[in-house]
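Only one chain is shown below, in structure tokens, and it's the form predicted on its own.
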Amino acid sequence: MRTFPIFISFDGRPPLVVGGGPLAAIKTRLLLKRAERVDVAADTLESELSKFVDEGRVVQQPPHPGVDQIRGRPLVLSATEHDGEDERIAEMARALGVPVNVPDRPPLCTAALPAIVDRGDVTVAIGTSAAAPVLAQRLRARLEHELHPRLGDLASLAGEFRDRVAEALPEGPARRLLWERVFDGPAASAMLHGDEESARKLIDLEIERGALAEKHEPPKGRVLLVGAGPGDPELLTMKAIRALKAADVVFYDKLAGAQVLELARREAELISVGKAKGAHSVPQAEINALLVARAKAGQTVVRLKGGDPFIFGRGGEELDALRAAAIPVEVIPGVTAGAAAAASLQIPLTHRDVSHTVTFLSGHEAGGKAPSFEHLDLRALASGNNTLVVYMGVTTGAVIARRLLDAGFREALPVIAVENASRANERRVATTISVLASDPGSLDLSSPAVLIFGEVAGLPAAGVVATILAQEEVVRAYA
């Protein structure tokens, strides 16, 4: 983010537009959406600006403004379309610390005019740091379609109740939960459908309910076990995003990507409890205790886990601890790494012609040992029509391959390993069980990674992917 978005009030001295031509008129029209008055410095004004003057919305000022005309302005916009004059105005404004914008001249600007979606008290501003204004306009058009026309009315109504809510509830989780009930519930629905009277009554009821609970009940927290997916924020569910936006505190592990964490509520406390193979920075029992303690303090707690909480994520242990402490808990599933890797490779984990089942396995046991697979009938799986997806198996891949060969898996069975599935730095390696068994270093990948063993890894789509990757020098394919 090269520029920081901020909203400017025009309640004091009006903004100044320098220039009287068509470009100045366009920018003045935009500023008048929020400013009661705009000063325009020019010797002559085009017709639209003259009309604004007649309406009392624009006041014409002398051309070529100086320091006194610029000092103290909330914003100066120079649209003279004369390079020298625009540069003079920009330099003067910067020296005085006044935000300045010169259309289509990014180097002269300290402020940018965004594409705006206007819903009254709700304003969405879209900027691209002047890199792609047409893209900003396209995004605005999309949001214009998505955002309800009465959204501003809902915001205005909520503003009328802010003081009452502040008197009824202390700042913090209880007050925020009240507003969540308002905006997610029947009050908002009534207002968006034009029934303001019902909306007011419903908000009154929510305030009474919240005040009564605050007076007679201890604060009740909750925990949401949220699957963060494999790291690509676009693979998050909508429910996971809503959970992040509601969190007071987020306990996250090493597999939750930075872009996913950026979606958390701005005020949320972010705490790393990351675990990696052989390096448990926070013991599981301590994580469980932290979740319980924060929830008992009345907070909304998000436990953000890479992939899916219940697939090799120890989410079951956390769920047991929360239930034992009588903590309300919700589980929000995530896209597991095996599914993400298969999607990225465009190979199905099951296919009616070659694979009727899929088995998810851990590539190591407690203490980091290679898996024994004593709980599995590997010989039955070796008969074919099955796909094995192995998590955390990079360092033990060769041992796993040898055990599969000993169980009767065919030597040429395809294997594809995927590191950082779905992320920009994803890497893949294609091989066979026999090569992997004989050459432990053949994968040359790092965790997190998944290995896919099975005939599906040799389907045509996977072959195309392997060819492309070979050109990128990230695949080693063995016959």
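One-based numbering along the sequence shown. Just so we're clear, the structure is a prediction, and the values are computed from it rather than from any experiment.
What follows is about the form predicted in complex with a small molecule, which we do not show.
(message) Exactly one residue in Phe312, Phe373, Phe161, Trp179 has a non-hydrogen atom within 4.5 Å of the small molecule in the model of the complex; which is it?
(response) Among Phe312, Phe373, Phe161, Trp179, a heavy atom within 4.5 Å of the small molecule in the model of the complex occurs only for Phe312.
(message) I need to confirm a contact call. Of Leu436, Val450, Leu49, Val429, which residue comes within 4.5 Å of the small molecule in the model of the complex, counting heavy atoms only?
(response) The residue in contact is Val450.
(message) Given a 4.5 Å cut-off on heavy atoms, tell me which of 23 to 31, 37 to 45, 416 to 424, 65 to 73 is the interface stretch with the small molecule in the model of the complex.
(response) In short, 416 to 424.
(message) Using a 4.5 angstroms cut-off on non-hydrogen atoms, would Thr336 count as touching the small molecule in the model of the complex?
(response) The answer is yes: Thr336 has a heavy atom within 4.5 Å of the small molecule.
(request) Classify Ala321 as contacting or not contacting the small molecule in the model of the complex by the rule of any non-hydrogen atom within 4.5 angstroms, answering yes or no. (result) The answer is no: Ala321 has no heavy atom within 4.5 Å of the small molecule.
(request) Determine whether any heavy atom of Leu405 comes within 4.5 Å of a heavy atom of the small molecule in the model of the complex, and answer yes or no. (result) So Leu405 does not count as contacting the small molecule.
(request) Find out whether any non-hydrogen atom of Leu108 is located within 4.5 angstroms of the small molecule in the model of the complex, and reply yes or no. (result) Taking the distances in the model of the complex, the answer for Leu108 is no, it never comes within 4.5 Å of the small molecule.
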